[in-house]
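Have a look below at one chain only, the form predicted on its own, in structure tokens format.
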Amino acid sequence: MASSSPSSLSPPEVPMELHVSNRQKLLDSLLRHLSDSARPLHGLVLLQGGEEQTRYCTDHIELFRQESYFAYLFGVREPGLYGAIDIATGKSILFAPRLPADYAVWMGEIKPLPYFQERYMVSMVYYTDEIVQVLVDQYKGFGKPLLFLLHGLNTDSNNFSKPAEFEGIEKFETDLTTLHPILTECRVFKSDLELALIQFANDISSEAHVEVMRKTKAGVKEYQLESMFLHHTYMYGGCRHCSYTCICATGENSAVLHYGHAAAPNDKILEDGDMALLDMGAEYSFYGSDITCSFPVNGKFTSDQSLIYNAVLDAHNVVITTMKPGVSWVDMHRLAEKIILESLIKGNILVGNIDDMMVERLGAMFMPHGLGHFLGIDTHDPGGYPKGVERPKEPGLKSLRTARQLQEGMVITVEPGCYFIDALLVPAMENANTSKFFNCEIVDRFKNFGGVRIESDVLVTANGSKNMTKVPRETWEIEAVMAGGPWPPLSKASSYTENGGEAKI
């Protein structure tokens, strides 16, 4: 029987030791780097937290979410703070804004400095207007005090991290190159405390995906599916933030990779016979999830839907089974492409030699995005292309958000897809090098199919990997759940027979 409660989960307590250990991890890495470089073991790391933003010129304040590097080190939820770590002593310092008296009238109690010290487990707390004096007094080296500031390229966005700014910074020496790569690399490898939050974000998001799957039917709007997901993760998981804008795509919209944006706002009416592609993930205490489920709106797979879905599922499963430390992520992408192409050949959508197709990069015509990305405090967590790791240049592969070898402690999404995108397929069918591979009559049958993506969040372990996502994946599981069956299923046979269906094993 299905659970009578809408959720079996409740938001866990977040131990601030998580951020204490993150600071220690950075300190250890920075000291190791300075020692290896024969540089003095002193200076202060200084980060500026995020600021509240108003909507354009209005007084409407957008809901604040902390800057990710600052969140990683300090776990601070309030805006307007700075944070420092003294390399010589390991002491941590927060600087909080000195708020006006009428803050208490409109926003609530003005927290005293000891509140921040206790809550965020730092060594000292001062006001932001004391930054210069405190940092000068704290510094024990020679000459001008040295500040390590955060400045570097995010290879997913091509934006640069913003180094801390404050009045009086000219009194300090500033290093803009050392901190960013070291702190970014710290974020790539997750601690057990971080993994517990990522797992909870996965658990509540998985549960919400199942709830949405059960309530999906022809005639509802895509945004109603989004609303169900947001309600469940907030109501039962305390997840006020989503990891990213929800993609609730059905029918031909499921071939739009980043559907759901302001100009395509999840507003189509679901139609019987369409596929749904729902890419949604909740964030809990800064740490996120990123899950995609694809399934038929009416709860029953057609032969064409099964063909494309199982092509993607096979790629998803084989990649996760193959993942382990030392494996190249580029090789995993190629493996996923090859499995999908092989399935398309079996389904007579493509004809010809699989190796020739791989040479011509035909996989990128059906899966133009990368296989996956690092996940943590950001949906696209940084560190995909550290110094020395080159981005591939071929179609499809150039969209990979990392080309690294897998290592224990990484959390990475596995999200193969197969889409029928006219903007890619029409030129490919007209190209002399690739047209020979297409069975145009069959391809035409899939013109308005859209696409399928299956995405799970996967931890690289010492000997392999662990899938942190827990949603129906096999076609029989999806059909059973959409017919009212329990999740997790009792068994393949009992799920069908309990719902009056014929057991299909």
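As the structure is a computational prediction, the values presented were derived from the model and not from experiment. Residue positions are given as counts along the sequence shown, with the first one as 1.
This protein has a second form, the form predicted together with another copy of the chain, left out of what is shown; the following refers to that one.
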Inset, instruction - May I ask you to check whether Ala262 falls inside a 4.5 Å heavy atom distance of another copy of the chain in the predicted complex? - result: yes
Inset, instruction - Report whether the minimum heavy atom distance between Ser161 and another copy of the chain in the predicted complex is within 4.5 Å. - result: yes
Legend entry - 4.5 Å heavy atom contact, Ala38 and another copy of the chain in the predicted complex: no
Inset, instruction - Flag Glu67 as yes or no: does it have a non-hydrogen atom within 4.5 angstroms of any non-hydrogen atom of another copy of the chain in the predicted complex? - result: yes
Legend entry - Residue (of Gly168, Gly273, Gly108, Pro114) lying close to another copy of the chain in the predicted complex, criterion heavy atoms within 4.5 Å: Gly108
Inset, instruction - Sort through Lys217, Lys140, Arg240, Lys144 and report the residue having a heavy atom within 4.5 Å of another copy of the chain in the predicted complex. - result: Arg240
Legend entry - Within 4.5 Å of another copy of the chain in the predicted complex, all of Tyr223, Cys246 and Glu283 (non-hydrogen atom): yes
Inset, instruction - Quick one: find which of 88-96, 168-176, 149-157, 128-136 has residues within 4.5 Å of another copy of the chain in the predicted complex by heavy atom distance. - result: 149-157
Inset, instruction - For the heavy atom contacts within 4.5 Å of another copy of the chain in the predicted complex, list the residues of 34-60 involved, in sequence order. - result: Gly50, Glu51, Glu52, Thr54, Arg55, Tyr56, Cys57, Thr58, Asp59, His60
